[in-house]
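The chain that follows stands alone, in the form predicted alone, written as structure tokens.
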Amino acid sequence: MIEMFKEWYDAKHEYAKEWKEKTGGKVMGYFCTYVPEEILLAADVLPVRILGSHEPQDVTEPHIFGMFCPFCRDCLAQGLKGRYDYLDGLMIAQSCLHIRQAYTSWEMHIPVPFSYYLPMPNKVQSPRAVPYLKGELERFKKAVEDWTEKEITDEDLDRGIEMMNKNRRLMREAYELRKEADPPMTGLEAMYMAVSSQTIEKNDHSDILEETIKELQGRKLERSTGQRLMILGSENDDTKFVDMVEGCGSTIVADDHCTGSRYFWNDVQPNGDRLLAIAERYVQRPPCPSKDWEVRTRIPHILNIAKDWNVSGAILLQQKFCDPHELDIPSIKKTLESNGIQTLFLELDVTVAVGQFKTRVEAFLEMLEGEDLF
């Protein structure tokens, strides 16, 4: 069953088109994981995260600054090339400047029937963040109802919340298995699993997840675990990079990025007021560095993951020109290394210099192995 996640990852556009043809439903493309999918699912809309293709491109230059992060430019290129021509809607939740520009350029230059900008508060530590977001969710819910011509009832919201919570619980259960001395899944398999959850209908994904977790019980990989690594930082779904790192003699057992554990770390806690509960969940989730102030909550969260999953080293990834993570990484590096967890910093572009990075990863792993001898 675990192979299904790779199939979905490779054929996400085909899946969405087939889903749309089969159900007659609408598909919403979204740019950021602060988008409350619960409300879209309640309206029987398929949320599909817009991702790049990791291919060189030259179509975004008239629309977005060349010094904006490669991920944002890669995402916009997918729209300009027509690869998301099946979308009925497009939206973003308030995020970093670069991905907002990708959304704005898409909205201006690529026709889409419905678009929505959700003002997610950046200062999530403010006592006003939750009530503010609840008010914005009320407006968003009304806009989705008008767009779909469908009333979203409390029962619909309960269904959307449970679909998301179930998928999150199963993802966490699968990630827990990576704590084992010999993890039953590779980091590459985990990446396919996590990223596909952001493009596939949640019930379909959860069904395969349940079967996969059964399959993983007692599963033994025909490879040495090697060094236990964590990857963290900017958005990363570059499977060639992850495959290369693990091919050098390691296993990625943990992560902290928006295409990984940050997406499913915490649930919506029902409290009778559905939109309030959703607002609390998104305000309280492990934050993106653009929202992690004034108290730096990400650093102890990342350190706890590193310790709980018993990692020996961490690869800190920054999309080129990504200001929030560039400011975030020095403190994370200092904290991890002061706790005995060595780090390697790598800067990502649209296409990853796998050969150059391989040399640096091999040297990093040799250093970790040398430390194990003493």
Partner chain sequence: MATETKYPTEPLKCWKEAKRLRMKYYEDYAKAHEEGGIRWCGGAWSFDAVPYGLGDDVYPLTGEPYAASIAFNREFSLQCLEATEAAGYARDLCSYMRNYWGSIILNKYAFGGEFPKADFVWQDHICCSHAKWYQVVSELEGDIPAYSVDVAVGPFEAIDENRIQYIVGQLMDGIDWLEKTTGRTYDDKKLIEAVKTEFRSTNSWAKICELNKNIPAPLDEKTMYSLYVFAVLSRAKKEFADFYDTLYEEMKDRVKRGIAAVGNEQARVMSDTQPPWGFLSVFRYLEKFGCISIGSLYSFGLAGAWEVKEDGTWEPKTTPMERGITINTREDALRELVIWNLAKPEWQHFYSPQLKSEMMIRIAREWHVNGVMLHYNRGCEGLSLGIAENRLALQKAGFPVLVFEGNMGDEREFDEAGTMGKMDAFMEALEVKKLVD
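Positions refer to the first chain, counted from 1. Bear in mind the structure is a predicted one, so any value in this text is a computation, not a measurement.
Quick note: we don't show the form predicted in complex with its partner chain, though the next part is all about it.
- Checked against its partner chain in the predicted bound form, the residues Tyr117, Trp265, Phe114, Tyr86 give one hit for a heavy atom within 4.5 Å, which is Tyr117.
- Interface residue among Ser331, Gln342, Ser53, Asn310 relative to its partner chain in the predicted bound form, by the heavy atom within 4.5 Å criterion: Ser331.
- Picking from 128-136, 249-257, 185-193, 169-177 the stretch near its partner chain in the predicted bound form, with a 4.5 Å limit on heavy atoms, gives 128-136.
- Its partner chain is not shown here, but in the predicted bound form it comes within 4.5 Å of a heavy atom of Ile64.
- Among residues of the shown chain, Cys96 is one whose heavy atoms approach its partner chain to within 4.5 Å in the predicted bound form.
- Contact between Glu151 and its partner chain in the predicted bound form is not found at the 4.5 Å heavy atom cutoff.
- Mapping the unseen interface onto this chain, Glu294 counts among the residues with a heavy atom inside 4.5 Å of its partner chain in the predicted bound form.
- The three residues Tyr15, Lys22 and Ile208 each lack any heavy atom within 4.5 Å of its partner chain in the predicted bound form.
- Looking at 96-126, the residues that come within 4.5 Å of its partner chain in the predicted bound form, counting any heavy atom, are Cys96, Leu97, His98, Arg100, Gln101, Thr104, Ser105, Met108, His109, Tyr117, Pro119, Pro121, Asn122, Lys123, Ser126.
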